[in-house]
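Taking the form predicted on its own, here's one chain by itself in structure tokens.
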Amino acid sequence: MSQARSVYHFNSIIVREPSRSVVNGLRADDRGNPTFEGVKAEHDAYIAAMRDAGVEVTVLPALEAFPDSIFVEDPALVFTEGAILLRPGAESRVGETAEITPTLRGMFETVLDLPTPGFADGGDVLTTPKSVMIGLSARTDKVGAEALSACIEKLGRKAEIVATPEGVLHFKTDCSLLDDENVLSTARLARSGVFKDFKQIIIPEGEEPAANALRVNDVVMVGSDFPRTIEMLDKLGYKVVPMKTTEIGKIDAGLSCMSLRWFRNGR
């Protein structure tokens, strides 16, 4: 990877259309089912925002058998150097990996399989300029994290295993990378000390879900339901693109989990 290119500089992403079964997606906190139409509208807006940010979007067809398959980031990881096929920690999602494998094998010269046993979700992985951070959680266990760490190092990157606060679904539920030096974090994750090498920008109390923001090229996508976070980032000089996440938020989702993002050489 070129040292001059930031880890949030992308020109290619993969997304998957929501299935009608998405209304039955997993959730830790039941706030009622989303509507298919609502999820579809939010997903369509997400794709449009990605194209506006300068990336080429590959859209995969919906998978009715897998309600959570719109969240393509959990069954795989992608980098310029290659892709890694993961093993999601939720039993109902394990089959999603096989569904996305042919696409990744067609787009990447190097595709690694996560060795058995162990589980790892892409939602627990934060790529920073210093390392690829893997958060231990209910969906990513120690065996899976260590196996993933070895795969990441095979691709020539440094991996680091860290802890996700108890009760938090995924590591990236509580954080996101803003630029090469700054991370956006909830207070509970900041207290853990995992971001000692970064400047931490703390989410305003009561807007914790806004931590799952997404830096893509020149813009930071943030859930539109979090005005204080948007105002804070705007004042800090970030180009914020508010994105509606009201419906997908009902199934424990944020902005990062809806795409696989990388810089594809030759584009």
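Each residue number is its position in the shown sequence, starting from 1. Just so it is clear, the model here is predicted, and its values are computed rather than measured.
The discussion below concerns the form predicted together with a small molecule, not included here.
Engineer: Select, from the options 148-156, 67-75, 98-106, 192-200, the stretch whose residues sit within 4.5 angstroms of the small molecule in the predicted bound form by heavy atom distance.
Structural biologist: Correct option: 67-75.
Engineer: Out of A48, L26, A41, V59, which one falls within 4.5 Å of the small molecule in the predicted bound form, going by heavy atoms?
Structural biologist: None of the others qualify; the residue that does is L26.
Engineer: Counting only non-hydrogen atoms and a 4.5 Å threshold, tell me whether R87, V111 and G144 all contact the small molecule in the predicted bound form.
Structural biologist: Not one of the three qualifies.
Engineer: E17: heavy atom within 4.5 Å of the small molecule in the predicted bound form?
Structural biologist: Because no heavy atom of E17 falls inside 4.5 Å of the small molecule in the predicted bound form, the answer is no.
Engineer: According to a 4.5 angstroms non-hydrogen atom cut-off, is L169 in contact with the small molecule in the predicted bound form?
Structural biologist: L169: yes, in contact with the small molecule in the predicted bound form.
Engineer: So in the predicted bound form, does any heavy atom of G123 sit within 4.5 Å of the small molecule?
Structural biologist: Within the cut-off, so yes.
Engineer: I251 near the small molecule in the predicted bound form, any heavy atom under 4.5 Å?
Structural biologist: Yes, I251 is a contact residue.
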